[in-house]
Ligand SMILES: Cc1cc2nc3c(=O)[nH]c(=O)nc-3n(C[C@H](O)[C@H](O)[C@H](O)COP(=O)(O)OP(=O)(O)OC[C@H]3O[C@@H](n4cnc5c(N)ncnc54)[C@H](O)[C@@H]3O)c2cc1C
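Only one chain comes next, encoded as structure tokens, the form predicted alone.
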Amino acid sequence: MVLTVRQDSKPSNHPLWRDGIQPLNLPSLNSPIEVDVAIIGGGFSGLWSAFHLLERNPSLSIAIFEAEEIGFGASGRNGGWVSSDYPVDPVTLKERHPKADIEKFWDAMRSCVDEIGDFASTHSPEAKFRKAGSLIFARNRAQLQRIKGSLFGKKRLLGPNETQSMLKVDGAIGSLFDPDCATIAPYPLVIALTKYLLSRGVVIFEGSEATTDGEYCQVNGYRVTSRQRVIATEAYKRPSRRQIPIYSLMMATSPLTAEERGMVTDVAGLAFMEALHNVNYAQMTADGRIAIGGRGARYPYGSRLRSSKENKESVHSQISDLLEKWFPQLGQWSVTHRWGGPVAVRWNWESYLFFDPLTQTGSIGGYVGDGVTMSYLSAKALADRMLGGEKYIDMPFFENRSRKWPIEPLRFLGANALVSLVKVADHEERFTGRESFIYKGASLLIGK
């Protein structure tokens, strides 16, 4: 069958996850206030921080300030993987952080997947939390060799027949299955979490851009006094060399028929991706769509966010091409939603948690696109530290220092060379069947 793609009419950069979910339209701050904890950022990092602080100390008064609207950033636009994976492998983590408890870290990640599921089942059934695992499949020998090197914990290597029984992807010669992964619709979870926090007495403001200096925050020109502060702005921090924005783009098909769904997978809630160097990720949504995302947009000079990067025709075409290669048996399908957004990447491609006991200010982020679970764990660890605990100080992300990205224009040239080289590396592996020499050189540009 020849694949044809129809583009249905939808507003540009409209995430599928927002369909049928009304925004909260919360008020903006219009007077000075005083609270125990002021949180800057209304995504998962800020919301989970408030959640965990209240779990530890219900008497705290907490305010959250979001410059746009709750879930505006990656929290409301991501691929919906609640994964126990991390951008850096265990061996590399142990080399970088010899004093860290790497096994404890991964045990915590796996536990957090289930804790998010517990919250979703009670407070957000519309988020459609489904824990069916993730499948990273290989379509050439180089990819197969690479996923064999990622075999740890509860992960299992599957042969071609087992792979096809879970996901009917064309040309797959094997896969890596991880049971500790779930899929969700992320924006409904954001809204449910926000409503829960409001019911617990947290005050939340939208359209309220905040800055902090010492013991005060300035929000819409008003002073916010607090004993402690949390900075949870992730990719929306002021541009600097400490992190760069990398754009991930997504698209979703129209709902497939029951017969078409069976041509893809019979495993409801399965997360899946190809073991390419160029990041990709997909799921079959609860209403039978394929939601798929990937990287490829060019890095913006000076790390300045550009809304034009969120809906690039060339990148969305690359993502469509993946679907065509994976599932040619589908024949015809239509695209109903296309969107994208930035994620924060540090030079070492790791997350961070910092807490300054002098200013009583904490900061979390740097999730590299794996933030649904990592934001929950980071917020949990930060809440523990803010309240005097030391339970998570042996985690690799705690006080995680990273070298800075190069100055411009070297940063611009290097980051965009990487975007190009990663694609070339995947082509190289497809033709040679061997792990890419190009990628080994390109990895020097990104600190991995």
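Heads up: residue numbers just count along the shown sequence, starting at 1. In this text, all values refer to a predicted model and were calculated from it rather than measured experimentally.
Just so you know, the form predicted together with the ligand exists too; it's not on screen, but the next bit is about it.
Chemist: From the list Asp394, Asp36, Asp384, Glu68, which entry has a heavy atom within 4.5 Å of the ligand in the predicted bound form?
Modeler: Here the answer is residue option Glu68.
Chemist: Exactly one of Pro245, Gly369, Pro188, Gly362 has a non-hydrogen atom within 4.5 Å of the ligand in the predicted bound form; which residue is it?
Modeler: Only one option qualifies, and that one is Gly369.
Chemist: Counting only heavy atoms and a 4.5 Å cutoff, which of 340-348, 325-333, 142-150, 193-201 contacts the ligand in the predicted bound form?
Modeler: In the other structure, the partner sits against 340-348.
Chemist: Ser175: heavy atom within 4.5 Å of the ligand in the predicted bound form?
Modeler: No, no contact at 4.5 Å.
Chemist: Can any non-hydrogen atom of Glu209 be found within 4.5 angstroms of the ligand in the predicted bound form?
Modeler: Yes, Glu209 is a contact residue.
Chemist: Glu234: heavy atom within 4.5 Å of the ligand in the predicted bound form?
Modeler: Yes, Glu234 lies within 4.5 Å of the ligand in the predicted bound form.
Chemist: If you check in the predicted bound form, is Tyr281 within 4.5 Å of the ligand, heavy atoms only?
Modeler: Tyr281: yes, in contact with the ligand in the predicted bound form.
Chemist: Going through 28-59 from first to last, which residues have a non-hydrogen atom within 4.5 Å of the ligand in the predicted bound form?
Modeler: Heavy-atom contacts to the ligand in the predicted bound form: Ile40, Gly41, Gly42, Gly43, Phe44, Ser45, Gly46.
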